[in-house]
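Structure 1 and structure 2 below are the same protein chain in two forms, each given by itself as structure tokens.
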Structure 1
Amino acid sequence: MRRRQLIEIHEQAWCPAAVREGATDCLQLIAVIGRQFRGAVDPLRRALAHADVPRIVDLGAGAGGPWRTLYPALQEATERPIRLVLTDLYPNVSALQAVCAQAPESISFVAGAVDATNVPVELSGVRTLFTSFHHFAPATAQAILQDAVDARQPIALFEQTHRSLAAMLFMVVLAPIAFLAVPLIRPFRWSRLFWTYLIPAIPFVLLFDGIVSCWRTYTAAELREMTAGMHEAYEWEVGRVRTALSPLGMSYLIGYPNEGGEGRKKEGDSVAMSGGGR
């Protein structure tokens, strides 16, 4: 099944903010309730072992991603305090503030746009992308990896979608969960009810974007090919772990500087972080 660089509705500028944020809020709730990313703890620990500072910089954080449950689990599994910085090209500020409130001394967010292909040098630490790497066309995806290599920062990617018919059928089952999930999301918003029950835009976006995400997801072979020219400076690991709700599991790619490799340090603009410690 050939990868296709299709569009996802929630990425488009014309998509109403209430629909975009409602869809990402639903995905976050499902991830939290299902503890879908607990399998990411061990790969993240391995990446953190190669970081200069005990910090994770989440790129494409959306509504906060899996961090409500993943952060406590990761902190429990490590021997030193871990800082977490949430970033996005289009940050959902209210949702990120809610995640930061969970541990304001350890979790912060960047209120402005952060480009994953040009991360400011101040944001050092393990770079993570959860269920978002497939959004990027091959050239941009490789630029994200290359930017981490140039800055000599570890990077970890996690995807729950797969480019297969079984994964697409699973999305058909998953999307209607929005009708049950929306009333449970906090803080409560009437707009979510409007875009779910009166005009079912949020469930439609989850279904449409979920299927498109499967078409866009990179295979393990494609990830290995993408990193093939970076092995002189970096160690790369591609794998898959089990998840609670999905029989398909979660695939991942982690990379970190090797002892003999050389990368290019780069300068970046200063970034103001909000909502917690740094």
Structure 2
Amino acid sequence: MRRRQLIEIHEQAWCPAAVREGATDCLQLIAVIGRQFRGAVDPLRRALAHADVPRIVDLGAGAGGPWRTLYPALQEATERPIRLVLTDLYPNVSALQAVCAQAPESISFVAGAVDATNVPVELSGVRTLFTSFHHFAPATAQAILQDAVDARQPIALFEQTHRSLAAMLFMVVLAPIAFLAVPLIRPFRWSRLFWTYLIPAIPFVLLFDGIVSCWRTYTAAELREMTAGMHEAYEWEVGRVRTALSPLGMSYLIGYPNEGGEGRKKEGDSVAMSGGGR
């Protein structure tokens, strides 16, 4: 199946915010109940072992993604304290503040825009992208990897979707779960019930965007091809781990600098971090 750079409804400006947030709230609940991101802990530990500083810089963090549950799990699995900095091109400040409140001494966010293709050099540490790499067209995806290599910082990408007919069929099963999940989401919002039971836009967006996400997801072979020219300076690992509720598992790419590689990229502008630890 060829990759297609199709559009997802929740990315469109015309998508009502209540529908967009309702769909992402459902995904977040399913991910938390299924402990979907537990499998990210070991690849992240391997990447952290090659970082100059014990810090994770999450790119395209959205509303915080998996970090509410992943951060405590990662911290428990590592011997030294890990700092986490949440960033986005369009930071959702109130949502990121809420994640930082969980561990204000260790988690912070950048209130200004951080472009994953040009990360300021001050933000050193392991760069992560959760369920977002498939959104980027090949040239931008490649630029994200190249920027990490130029800065000689480790990078780790995680995807829950998979480009196959079986994965698309799984989305057909997953989307109706919204009808069960919506009343359980907190804080409670009437708008979620409206957009699920009266006008079932939230289940429809989960179905449509789920299928499109599968179609856009890079295969392991494509990820290997993207990194093929970057082997001299970097070690790359493409893999897949099992997850509790999804037969698709979670695929990942991690890359980190070889010992004794070239120097790092030029100094950039300083970045102000908010909300806790640095």
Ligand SMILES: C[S@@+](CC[C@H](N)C(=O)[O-])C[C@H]1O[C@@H](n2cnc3c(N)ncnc32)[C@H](O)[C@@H]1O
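Every residue number counts along structure 1's sequence, beginning with 1. All figures in this text were calculated on a predicted structure; none of them were measured in a lab.
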If I had to pick the form predicted alone out of these two, would it be 1 or 2? 1
Is it one rigid part holding both R45 and F130 between structures 1 and 2? yes
Quick one: degrees of rotation for the smaller rigid part between structures 1 and 2, relative to the bigger part? 10
